[in-house]
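Have a look below at one chain only, the form predicted on its own, in structure tokens format.
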Amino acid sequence: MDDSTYREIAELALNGSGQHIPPTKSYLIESRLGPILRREQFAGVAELLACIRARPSSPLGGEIVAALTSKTTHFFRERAAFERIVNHVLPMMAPSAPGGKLRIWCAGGSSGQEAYSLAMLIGESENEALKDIQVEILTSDISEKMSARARSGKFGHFDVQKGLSIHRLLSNFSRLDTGEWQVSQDLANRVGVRTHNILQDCSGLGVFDVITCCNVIGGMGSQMRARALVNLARQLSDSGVLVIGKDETATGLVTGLEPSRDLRGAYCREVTPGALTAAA
């Protein structure tokens, strides 16, 4: 792949998903686009790019953007944060939950392991504050392929070996004839799935009490990171919290989004949704 092809694909990724792919990681382009190249029988990335130039409105362009994002995830990847959400944040919010309902959105949730992990923790909780509370969980990803996997609730043996205890596996999954593991109906009923790009307006998804966006913004360019955070923060309820990855930060990126006093590593909206702006 020559330099001009790299630059054009990298710009496509940045504008489409916010992902910054530096020259030192250009190998990720060929690796992540490999399945599309083989399926469409293109000789290489340059040929794929020529097709996109010729058909700029083709759905293939969006598929390429989605394919270039990281899909790395596993069950209970952010275990400490999830446990704090279920054991501390949700019980604190429960007494004032409108209609006895709380909403969680796992933004950039890949194939759904994050959402299903939260659903398992909520199902296991014995906290009296959550006894009569309905917790609705939504997971979304820019990739329709990942959303379809999350919606199916089917995971390979390698997937369930990462992060799941034997007890949780046997309690929440059943083994299929294919060798895959299927989430239980109870778990599936707790999780909704949407395909969505967090760089775009999120108002159609509604308002949430907890939004997790873990290990997503870290790979974005700074301007796109702020844009995504503004979109996410606008969907927080007045007392809602935004949780990002333990190695990520939102500090100084958005005016009106401040560190939470109740949950380490989380952020709260301190202004009205319309007043949130990317910091200068």
Partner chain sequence: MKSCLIVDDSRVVRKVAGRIVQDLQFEVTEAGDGADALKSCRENMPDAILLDWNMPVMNGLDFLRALRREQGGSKPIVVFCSTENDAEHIGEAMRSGANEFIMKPFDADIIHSKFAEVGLV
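Numbering follows the first chain given and starts at 1. All values reported here derive from a predicted model rather than from experimental measurement.
Not on display, but discussed next: the form predicted in complex with its partner chain.
Not displayed here, its partner chain is approached by residue 163 to within 4.5 Å at the level of heavy atoms in the model of the complex.
At the 4.5 Å threshold, heavy atoms of residue 199 stay clear of its partner chain in the model of the complex, well away from it. Among residues of the shown chain, residue 121 is not one whose heavy atoms approach its partner chain to within 4.5 Å in the model of the complex. Contact annotation: residue 170 falls within 4.5 Å of its partner chain in the model of the complex, judged by heavy atom distances. Only one segment in the set 187-195, 112-120, 152-160, 98-106 has residues whose heavy atoms sit within 4.5 Å of its partner chain in the model of the complex; it is 152-160. Exactly one listed residue, out of 71, 88, 145, 175, brings a non-hydrogen atom to within 4.5 Å of its partner chain in the model of the complex: 175. Although its partner chain is not shown here, in the model of the complex the stretch 176-195 places heavy atoms of just one residue, 181, within 4.5 Å of it.
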